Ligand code: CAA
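The form predicted on its own is given below as one chain in structure tokens.
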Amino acid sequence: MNVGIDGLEVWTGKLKLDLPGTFAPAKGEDPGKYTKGLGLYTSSLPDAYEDIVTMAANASKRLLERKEIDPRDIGRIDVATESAFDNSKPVSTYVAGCLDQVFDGEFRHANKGERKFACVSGTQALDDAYNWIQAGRSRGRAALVVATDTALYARDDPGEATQGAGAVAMLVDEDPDLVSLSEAQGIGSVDETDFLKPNQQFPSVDGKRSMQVYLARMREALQDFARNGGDTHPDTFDLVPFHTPFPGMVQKAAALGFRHCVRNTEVETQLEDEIGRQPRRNEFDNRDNYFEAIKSYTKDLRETDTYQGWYARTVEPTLDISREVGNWYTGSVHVARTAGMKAALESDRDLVGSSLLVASYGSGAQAEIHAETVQPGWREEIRQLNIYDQLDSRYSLSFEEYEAIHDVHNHDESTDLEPFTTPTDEFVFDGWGRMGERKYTHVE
């Protein structure tokens, strides 16, 4: 059975924070710390009437309308998020409640749930929908999978510059128009404490440890993917979307991934005259010497034309949107897929039948590697996306306005603030209900 993503929509927060032009001067820091170090230029943030529900519902509404989907043809709605505000009632019920306001028919018989495993849960929800259809339990219906987050940090936290807010809605079905998912899957998962939110809104992060864990789990997932029948030769894939908390981390992950994938291939042989043979563990008396040799080899590898050409073709195009929106947690890798395919469309690359290697990660910690095959309808699906129009229309915040909107979305603050933008044909947060629940309405 050919199962995968039939279509997707992206919805970004309505506000933007200019990192080199606004954030860096206010912090008294070098703008290059953000543009060159992190690889980020602007962050997307939610306006006063926006949150994870409005962004998820707005992306879903646009997707279902464009695909002309009857609510009765949706068999499950799964929302992945790190930003949930209720420990019992899933965000998917709020999203369905919003959609019920504008669609004829109801989502009454759609199974609804919420996935949590940090950023990897967006891909886990995608896997759940894939497995549900493959198991024959869909009865011809599709699944709506939404990754939505307000990835905010406490003020003055080292991660503050990587903030972002947005949602990616995906329709998963048989005979998809965008990509089909492979059966082969690789997992790397270990109990880690690198990033967590123990009964708190803003994360506690060990940044250095988190980067080490990210790279280790990615390596393990890639090894597992190969053991499960996945092809890891670098020439197999036209695009390699990574989980992208910030592009600078992807630069490190891509080099390690490429090094692993070329080992024992003709590519390693071709590079041997230029940078030598890749170190093997059995050639060293201790791990420290081996790791130093690997580190040196990887540094040299990144300077080769072979690696730089591969990176420019498969990875760099996937970072275009992330540079302008920041980290979307659960939606991050799906933003990367979108950016890469949009870049291919704009450069007139023919992706039909080509493969994507999708590398997802969630702190705590787990990585997943799977492959996707691009379908004949991909051009039309990507052509209709308006994400760059959304980015261009964002309201640019002053630093004082940024401080105010950050307080609006801080659960420990009680701040009233007039919106910076005017909602049009979208769902908005509309106050509180009798039991303290959040209420939403659709405005024309």
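Keep in mind that this is a model prediction, so the values were computed, not measured. Residue positions are given as counts along the sequence shown, with the first one as 1.
Quick note: we don't show the form predicted together with the named molecule, though the next part is all about it.
_Whether K208 contacts the named molecule in the predicted bound form should be assessed with a 4.5 Å heavy atom distance threshold; does it?_
Heavy-atom contact with the named molecule at 4.5 Å: present for K208.
*At the 4.5 Å heavy atom threshold, is G340 in contact with the named molecule in the predicted bound form?*
No, G340 sits far enough from the named molecule in the predicted bound form that none of its heavy atoms falls within 4.5 Å.
*Heavy atom of F258 within 4.5 Å of the named molecule in the predicted bound form*: Judged by the heavy-atom cut-off of 4.5 Å, F258 is well away from the named molecule in the predicted bound form.
*asked:* If we define contact as a non-hydrogen atom of the residue within 4.5 angstroms of the partner, is K33 a contact of the named molecule in the predicted bound form?
replied: Yes.
*in the predicted bound form, segment of 220-228, 237-245, 263-271, 285-293 with a heavy atom within 4.5 Å of the named molecule*: Of the stretches listed, the one contacting the partner is 237-245.
_Contact check in the predicted bound form: Y94, T150 and H409 versus the named molecule, with a cutoff of 4.5 Å between any heavy atoms. Do all three pass?_
Contact check failed for every one of Y94, T150 and H409.
*in the predicted bound form, which of the listed residues (K89, R313, K252, K299) lies with a heavy atom within 4.5 Å of the named molecule?*
If I apply the 4.5 Å criterion carefully, the residue I get is K252.
*Just one of I69, L397, A48, L38 has a heavy atom within 4.5 angstroms of the named molecule in the predicted bound form, so which one?*
Of the listed residues, the single hit is L38.
*So which residues in 307-328, when you check the named molecule in the predicted bound form, have a heavy atom no farther than 4.5 Å from it?*
Just N327.
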